[in-house]
Ligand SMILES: Cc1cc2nc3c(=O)[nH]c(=O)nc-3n(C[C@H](O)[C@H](O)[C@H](O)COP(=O)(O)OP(=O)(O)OC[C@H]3O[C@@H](n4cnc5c(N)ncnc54)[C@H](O)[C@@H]3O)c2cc1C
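Next up: just one chain, as structure tokens, the form predicted on its own.
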Amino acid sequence: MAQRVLIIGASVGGATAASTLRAAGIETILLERELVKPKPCGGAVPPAAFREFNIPQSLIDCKVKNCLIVSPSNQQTHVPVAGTVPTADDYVAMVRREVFDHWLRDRAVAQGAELIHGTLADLTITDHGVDATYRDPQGTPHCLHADVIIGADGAYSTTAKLLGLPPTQRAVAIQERIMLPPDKMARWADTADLYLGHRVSPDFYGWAFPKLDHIAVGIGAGPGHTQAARQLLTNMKARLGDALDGGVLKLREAHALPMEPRKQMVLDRAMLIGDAAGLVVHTSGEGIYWAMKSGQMAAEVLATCLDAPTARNLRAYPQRWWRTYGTMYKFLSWLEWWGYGNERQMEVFTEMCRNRDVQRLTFDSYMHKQMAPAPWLSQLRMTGDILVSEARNYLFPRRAPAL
């Protein structure tokens, strides 16, 4: 039997892994349980993704070139999306997952991947391969055999569960898509909003992201606050005030986000990518690019050892991943702890974002997915501004206005 790989989940990570495997001539099956409903998501994608994965810019709803950061006390910081050296890629792409995911999936199928509509029900790994049972939309069970399985099935990964791995700690994100009159939509023509404060999100932030014909308004809530998610979203909409006047609710959606990367991303004949591997970055909660990149990297490693897909050989994938991105993940984890720890720190975080060196370094790193080096003079300026802001906000704390 020809060697083949079974990928559970056909959204951005799974579809990218499938395309990479098909480019290497490897027989690939995609098993996806939901082919119609879009995956709930803020939908922010860095320009690096369009370059690296050869994705047409026609999938972009709008290019955000300005960010508005609002502190708990309603301090506002306007941040232009621009790196140290201006380029045509100075933007954050906003996409709709129902469009973006379908294009990636369709490309993988056009390249020869087989797409099956079904839900993984059981999984057995032997010395001879992977035996999987799935149920089709009518509930009928079917069996599949493959040489290797890749779990790309999100934060509640059934693949990981059936492999015997422990559940990850998860946050929840909830958002509404709101149709606005043209004059209200103009407010977000090229701007995305981020709101800080415990009444919006005790752990992360609230957002208002522009799409083709609507605004996505949402919040993130970590463990211990998930029951309050609906109220936090209501508070977020209250903070936006009359900017949402005349809006019509198009869709309400929610999804889980892993809080930490998994310690174990590979086993014999099995790999985990994207949210299933916990590869959402701290501070921003960004996951789309990292799911695609991990899918590509896992597939590239697998293509070199498909004859012997042992955990030892497949471990080259997480080793390569952390060697490339470990510093960035650690820094963003620290930044989330430092910047979102309490509302005074959120005020400092908002003021810190006014520093031009911070802005440039942030978007250099975001747009190119590499930790941008900070010249010593820039470090001195940033440190000085932060110390002044820390003293001001702890000696004279600001108060959040009533909703």
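Since the structure is predicted, the reported quantities are computational estimates derived from the model, not experimental observations. Residue numbers run from 1 along the displayed sequence.
Unshown form predicted in complex with this ligand; subsequent notes refer to it.
- Interface membership of residue 165, defined by any non-hydrogen atom within 4.5 Å of this ligand in the predicted bound form, is ruled out.
- Although the partner is absent here, residue 291 is a contact residue: one of its heavy atoms lies within 4.5 angstroms of this ligand in the predicted bound form.
- Among heavy atoms of residue 229, none comes within 4.5 Å of this ligand in the predicted bound form.
- In the predicted bound form, residue 243 stays away from this ligand, with no heavy atom inside 4.5 Å.
- 31 is the sole member of 352, 69, 31, 60 with a non-hydrogen atom lying within 4.5 angstroms of this ligand in the predicted bound form.
- Site annotation in the predicted bound form: the residue of 84, 119, 77, 235 reaching within 4.5 Å of this ligand with a heavy atom is 119.
- Contact with this ligand in the predicted bound form, defined as a heavy atom within 4.5 Å, is made by none of 47, 192 and 359.
- Stretch 248-256 is the answer when you ask which of 178-186, 248-256, 312-320, 326-334 has residues with heavy atoms within 4.5 Å of this ligand in the predicted bound form.
- Residues from 181-213 that approach this ligand in the predicted bound form with a non-hydrogen atom closer than or equal to 4.5 Å are 207, 209, in the order they occur in the chain.
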